[in-house]
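First, one chain by itself: the form predicted on its own, in structure tokens.
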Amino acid sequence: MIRKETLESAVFDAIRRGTTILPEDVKSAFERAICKETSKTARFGLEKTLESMNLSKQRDNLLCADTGWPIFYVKVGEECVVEGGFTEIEKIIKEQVAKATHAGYLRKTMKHPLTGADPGNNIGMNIPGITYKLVKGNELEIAYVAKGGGSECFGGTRHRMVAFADGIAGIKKCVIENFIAASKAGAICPPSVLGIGIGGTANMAANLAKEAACLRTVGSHHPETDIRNLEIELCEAINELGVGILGAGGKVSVLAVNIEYAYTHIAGIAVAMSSNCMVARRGANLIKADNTIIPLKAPNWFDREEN
């Protein structure tokens, strides 16, 4: 049985690591970007940003002042037993979000959308956001991701319906135009980790895009050849735009383009974009049935081998 105290520790640790420690795959992407960048100004920006994020780990400080929305992805083994029942998972997540807020790992950013009422602990209707997935086994995996306000609110999240007849060319056009528009809005922080959702209904595409942006490792590729090729082609095309770090110009405008898809109705193709901040913050823990907590370098949300 997974004890409540184990869950509490695993959730709080995922939040703390997610807000203060840059994932290794993102750090490696920054190092590659610095080597690739030919603009002196852009290289300087990348170097100083990486230096700042390394200091965050040393000093247990926030990687970014905007801690965004608290979002959790929980994989639950069908044979998993949780003390108090499965409803304890959501209860404990909320408690640990409040604890992390008061400890300074999360800013008090969540408010009522109409009245502006601020509970002061980032807990409210449908917040924190929690997505569950049932899997085989008796283990529990909890991943925390921070989705920044700028990347989500002011242009970083967009969707469009593409005619089925427009196919791959229509999808590419949609993604590139959306990235340009988001960059011009000045609210996203390139170089971005771009998540693209293709197919399904509009909300399905949007959810897939967010998962691709927040849960895929930078440098991974979808196992299906057609999707992998589209990821590479879009990444190269967007980097040719010359947007660069924070729009200052340069060769690196995105660190990665990650695509997830769903089958679609022949009437059209939903294409959604979710821009994740260059920090790409996340923390994940695997809880074994014997209450051992194993820190994960990255969430294992997709249950597949990527290359």
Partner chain sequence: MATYYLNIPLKEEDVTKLKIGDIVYVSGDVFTGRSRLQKYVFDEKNQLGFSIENKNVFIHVGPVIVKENGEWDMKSFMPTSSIRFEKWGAKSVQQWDLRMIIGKTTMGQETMNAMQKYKCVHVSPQAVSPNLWLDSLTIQDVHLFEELGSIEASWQLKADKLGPFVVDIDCYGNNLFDGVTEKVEENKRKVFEKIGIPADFSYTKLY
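On a predicted model such as this, the values are computed, not experimentally measured, just so you know. Positions refer to the first chain, counted from 1.
FYI, the form predicted together with its partner chain isn't displayed, but the following is about it.
Engineer: Here the chain is shown alone; which of I259, L255, A280, I245 has a heavy atom within 4.5 Å of its partner chain in the model of the complex?
Structural biologist: Exactly one residue meets the criterion: I245.
Engineer: Within 4.5 Å of its partner chain in the model of the complex, do R3, E5 and G137 each have at least one heavy atom?
Structural biologist: Not one of the three qualifies.
Engineer: Among 210-218, 107-115, 128-136, 77-85, which stretch has residues whose heavy atoms lie within 4.5 Å of its partner chain in the model of the complex?
Structural biologist: Contact-bearing stretch, as computed: 107-115.
Engineer: In the model of the complex, is there a heavy atom of its partner chain that lies within 4.5 Å of any heavy atom of I34, even though the partner is absent here?
Structural biologist: I34: no contact with its partner chain in the model of the complex.
Engineer: Could you confirm whether H222 comes within 4.5 Å of its partner chain in the model of the complex, counting heavy atoms only?
Structural biologist: Residue-level check for H222: no, no contact with its partner chain.
Engineer: Might G199 be said to contact its partner chain in the model of the complex, defining contact as any heavy atom within 4.5 Å?
Structural biologist: Answer no; every heavy atom of G199 is more than 4.5 Å from its partner chain in the model of the complex.
Engineer: Counting only non-hydrogen atoms and a 4.5 angstroms cut-off, does D226 reach its partner chain in the model of the complex?
Structural biologist: Judged by the heavy-atom cut-off of 4.5 Å, D226 is well away from its partner chain in the model of the complex.
Engineer: Quick one: which residues from 171-210 get a non-hydrogen atom within 4.5 Å of its partner chain in the model of the complex?
Structural biologist: Contacting residues: K172, K173, C174, I176, E177, I180, K184, A185, G186, A187, C189.
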